[in-house]
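Next comes just one chain, in structure tokens: the form predicted alone.
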């Protein structure tokens, strides 16, 4: 019986691997658009971790107890580590860390819109942990199964640490909810201010997201923006009852037919305004990152000089050994 071999294009071979759940590794062939999509997503994620240190780091010295200071320091340190993992993962795609940072500073690269809102009091640190990190976990757990190997492996540890951050935040709000009337008001006020920005974290609705369909096909994403947002609302709508607080949404109600909570309309004008650089703290956040980068130049230069010195010493020993 005669059989004819059918030529398989690189794109078809790539998609077949993705469909079979075979991880794509840095040396594997990949479509250029896949590579660029990953660079955009991973670098944005890394930038978000680094910029996200700013609103919380601002409260380390003002935390109400030594225990709170220690746990907040640990959390901010975790976020620095997450940025490091993610920059390293992105570098495997052929982009340098310096280029990614330049893109952040120039405004070419984005970071999560949530970090452009101010932290006005201690309750905000609790709300960030519970709502912001809770939204991050909801979004990031599926990324542990993303199709690109280095990204998926980095996400495993990041998600474990983020779960600690969420518990820390909820515990802060729970303590306030059991405190004085002033503390309870502070707790409710923080929830009111962070709720809508938190559900905006999942990005635009599916019909307005230009990257979702292709990212789902390539299994970079596993669950769409709107599906993740609904899961988050369902979880938080129940957890807020434990706090004895409410969510600032009059439309929030359990829908028996859907098996989900209905919720109000998101202010997409605000979302796009913040994304475009016009949020309450956009300029402040970028200015802080640029200043830190410039002030840390001597550290990078010293580290490079030390690494070169070690390389030369190692090379000299190798030469003597050969001789």
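Residue numbers count along the first chain shown, from 1. This one's a predicted model, so the numbers in the text were calculated from it and none came from an experiment.
The discussion below concerns the form predicted in complex with a small molecule, not included here.
Heavy atoms of residue 230 never reach within 4.5 Å of the small molecule in the predicted bound form, leaving it off the interface.
Contact annotation for residue 146: none of its heavy atoms lies within 4.5 Å of the small molecule in the predicted bound form. At least one heavy atom of residue 110 is located within 4.5 Å of the small molecule in the predicted bound form. In the predicted bound form, residue 160 stays away from the small molecule, with no heavy atom inside 4.5 Å. Stretch 201 to 209 is the answer when you ask which of 201 to 209, 174 to 182, 187 to 195, 240 to 248 has residues with heavy atoms within 4.5 Å of the small molecule in the predicted bound form. When you look in the predicted bound form, the only residue of 275, 286, 30, 39 with a non-hydrogen atom within 4.5 Å of the small molecule is 275. No residue in the set 58, 127 and 282 has a non-hydrogen atom no more than 4.5 Å from the small molecule in the predicted bound form.
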